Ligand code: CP
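In the form predicted on its own, a lone chain appears below as structure tokens.
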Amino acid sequence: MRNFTCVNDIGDLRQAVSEALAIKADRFSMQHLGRNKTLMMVFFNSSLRTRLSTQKAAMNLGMNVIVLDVNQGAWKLETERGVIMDGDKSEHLLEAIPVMGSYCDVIGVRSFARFESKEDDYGEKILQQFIRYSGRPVFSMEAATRHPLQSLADLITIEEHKLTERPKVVMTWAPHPKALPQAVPNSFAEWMCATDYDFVITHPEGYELDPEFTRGARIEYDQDKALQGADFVYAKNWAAYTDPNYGKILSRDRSWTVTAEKMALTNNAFFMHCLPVRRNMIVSDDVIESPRSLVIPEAANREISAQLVLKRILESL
């Protein structure tokens, strides 16, 4: 595997999960792969789980790790071609990227949607420049449209906890005070649609995601109806995708918050969320603290998903 940006890059999902569980059982058995290899993690946006889990995964494999926070201690970077750089940005990404590549063997990039241009966001402008100009294998640590490391961890978590071969998995929109990118819901939908699960997406009208990611899912605008019989409930907010409302908040309807009453409609479902989560907006305290909450095991599996991806990239070097 050269680059990792979406579900198609990982290949057969059953094989990937089996490999991930083997890694989880013995995390330090492949340190020879990373010996004298360096991972550079480039952050254009904040991170907690992604930064810690990916660094830990690289260390498990014997790698050296360099972490660059572009917004702290680095020159401000220009990303647009053809601009006269007479402002506060001192370096262009087109020089910065190959320089970064010269110091490492693998690059991870985290760069969110900006909601300034739908075309730029969905063209993955920054991630694609790293792939094109770094000369190194590149993996996404969350991009404008996808968060594949999270989705792989989600899949591993579901496989570890499912009680039936074909569980019903429901991704529900929930309210949030800020406009959030579609990367996590896009990616979760894309990965779930690649499985044989019974996958349902529920959200208010106007919050339809790009069909590229949801093709094969059932869309249900009645949350209560969607939750009936669910085995897993994955809550997430996202801003509107469709024009002319791209990047906008259309609703803060608190009736969409995942509460104990909502979970009572399910088949004693497990609750999932990628974190960080706004308590009593996205989910009530009693649900996230219940024995059926998987948010901590799910976060712990971020180390495993990152290690699987890094292992495969190192094997290809």
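Keep in mind that what you see is a predicted model, and the values were worked out from it rather than measured. For every residue, the number given is its place in the sequence shown, counted from 1.
The protein also exists as the form predicted together with this ligand; that form is not presented, and the subsequent description refers to it.
Of the residues given (146, 136, 110, 203), 110 alone sits with a heavy atom within 4.5 Å of this ligand in the predicted bound form. 46 is the sole member of 290, 46, 255, 29 with a non-hydrogen atom within 4.5 Å of this ligand in the predicted bound form. Contact annotation: residue 264 falls outside 4.5 Å of this ligand in the predicted bound form, judged by heavy atom distances.
Although the partner is absent here, residue 50 is a contact residue: one of its heavy atoms lies within 4.5 angstroms of this ligand in the predicted bound form. In the predicted bound form, this ligand sits within 4.5 Å of a heavy atom of residue 274.
Put simply, residue 237 is far from this ligand in the predicted bound form: not one heavy atom of it is within 4.5 Å. The candidate site formed by 157, 162 and 231 is entirely out of contact with this ligand in the predicted bound form, as no residue has a non-hydrogen atom within 4.5 angstroms of it. With this ligand omitted here, the record of contacts in the predicted bound form names 274 to 282 of 244 to 252, 59 to 67, 274 to 282, 30 to 38, defined by a heavy atom within 4.5 Å.
Residues from 141 to 168 that approach this ligand in the predicted bound form with a non-hydrogen atom closer than or equal to 4.5 Å are 142, 147, 150, in the order they occur in the chain.
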